[in-house]
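For reference, the chain that follows is the form predicted alone, supplied as structure tokens.
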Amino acid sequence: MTWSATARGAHQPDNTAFTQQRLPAWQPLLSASITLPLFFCAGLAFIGLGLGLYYSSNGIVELEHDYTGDAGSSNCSVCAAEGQGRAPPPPCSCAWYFSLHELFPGPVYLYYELSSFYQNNRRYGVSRDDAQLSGLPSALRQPANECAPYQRSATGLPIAPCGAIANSLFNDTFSLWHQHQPAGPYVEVPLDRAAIAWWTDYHVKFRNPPLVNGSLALAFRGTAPPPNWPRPVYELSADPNNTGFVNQDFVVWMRTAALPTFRKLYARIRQGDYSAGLPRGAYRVNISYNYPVRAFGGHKLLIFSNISWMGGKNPFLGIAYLVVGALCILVGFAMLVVYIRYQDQTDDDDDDE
């Protein structure tokens, strides 16, 4: 059998410009006059953006305090010592006193920070049931196998919410008090705890199961709380719009961090006399010390911070842009030197020919 260019075989593509690769194409020839300006322009752009990010980050004011309770570090050391080796630790309270000599510009955000806590561990990160967290009644009674060993209680009841992430929910609480005048009374500063979670998490990913006779407690009947929880999930808050699986603190915690040292938003300070920030004066933070971290060598920090157009304090991003911009400039100069040196040699070779 002879092959014919006009006869289409079983494996012969269509005779079109696309399948036969006859489409018109543009193949740029990168010369020095094109490449060098690109490197220099890119370098200058990166350096300019990096400077803006770096100085914007440095303009953010932060005030932090390590309240882990290491010996001699704070008055929380008593709480840390009492809870050492006890699960769950006994209730304990401590305080952090500080003074501001000038206005702490707002809006002010209050974060807690944990270190040496590996939420990026693979088994920890998959230990959850997204179907259960979305409010499906069937998943509420039959938690996913990924939640083991926090899938069912010792009595065989399904755990809601199940998994290691929910079981390790951060449960320290804070309140802020302000003393306007020396020797005067402390006045509580309002902390805005609403809308601290991501909008998509709160409105899309997390849902309570359907109410039973108008009661959320009846909807969770037949389930058990995680082993480390002192109360069931439907009692996380007295606010009916902020309890169960849609509790703001719970939703924030369930978004796991990528690094072992991370911050999570606790509250905003933007109401009443504190909408412009924290005025000068003496302050006290009352801390309910419930979350043990010394067993795994971790640390707990409280952080007051404001933000800029780029978000929170993050000098790394500006430094990264500056480094990339500097590398582009250096590569551009290196290519320029090579071009000047070998251009003369190329011209001499052309003249010899």
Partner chain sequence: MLLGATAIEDKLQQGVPETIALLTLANIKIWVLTGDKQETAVNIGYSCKMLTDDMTEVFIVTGHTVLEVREELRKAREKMVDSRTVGNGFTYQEKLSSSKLTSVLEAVAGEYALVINGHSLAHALEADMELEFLETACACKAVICCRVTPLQKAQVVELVKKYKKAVTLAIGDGANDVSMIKTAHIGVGISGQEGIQAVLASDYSFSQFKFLQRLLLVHGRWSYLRMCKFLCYFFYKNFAFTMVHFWFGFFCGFSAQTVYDQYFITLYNIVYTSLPVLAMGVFDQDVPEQRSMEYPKLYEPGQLNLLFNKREFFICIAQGIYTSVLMFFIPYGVFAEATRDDGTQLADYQSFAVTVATSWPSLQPLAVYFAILFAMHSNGLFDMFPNQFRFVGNAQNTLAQPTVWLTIALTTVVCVMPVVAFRFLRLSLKPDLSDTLVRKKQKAQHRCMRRVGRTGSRRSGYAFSHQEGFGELIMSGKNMRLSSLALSGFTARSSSSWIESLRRKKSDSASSPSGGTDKPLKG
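Keep in mind the model is a prediction, meaning the values are calculated, not measured. We call the rigid core whatever largest set of C-alpha positions still superposes within 1.5 Å between the two forms. Positions refer to the first chain, counted from 1.
Same protein, other form: the form predicted together with its partner chain, not shown, and the subject of what follows.
Though its partner chain is absent from this view, in the predicted bound form it lies within 4.5 Å of a heavy atom of just one residue from A326, A42, L51, V61, which is A42. Heavy atoms within 4.5 Å of its partner chain in the predicted bound form are found in exactly one of 172 to 180, 122 to 130, 237 to 245, 75 to 83, that being 122 to 130. Not displayed here, its partner chain is kept clear of S288 by more than 4.5 Å at the level of heavy atoms in the predicted bound form. Within this chain, P105 is remote from the site of its partner chain in the predicted bound form, having no heavy atom within 4.5 Å.
Within 4.5 Å of any heavy atom of its partner chain in the predicted bound form lies no heavy atom of S153. Its partner chain in the predicted bound form comes within 4.5 Å of no heavy atom belonging to R141. After superposition on the rigid core, displacement of the C-alpha of A295 between the shown form and the other one stays below 2 Å.
In this overlay on the rigid core, P37 has a C-alpha that sits less than 2 Å away from its partner position between the shown form and the other one.
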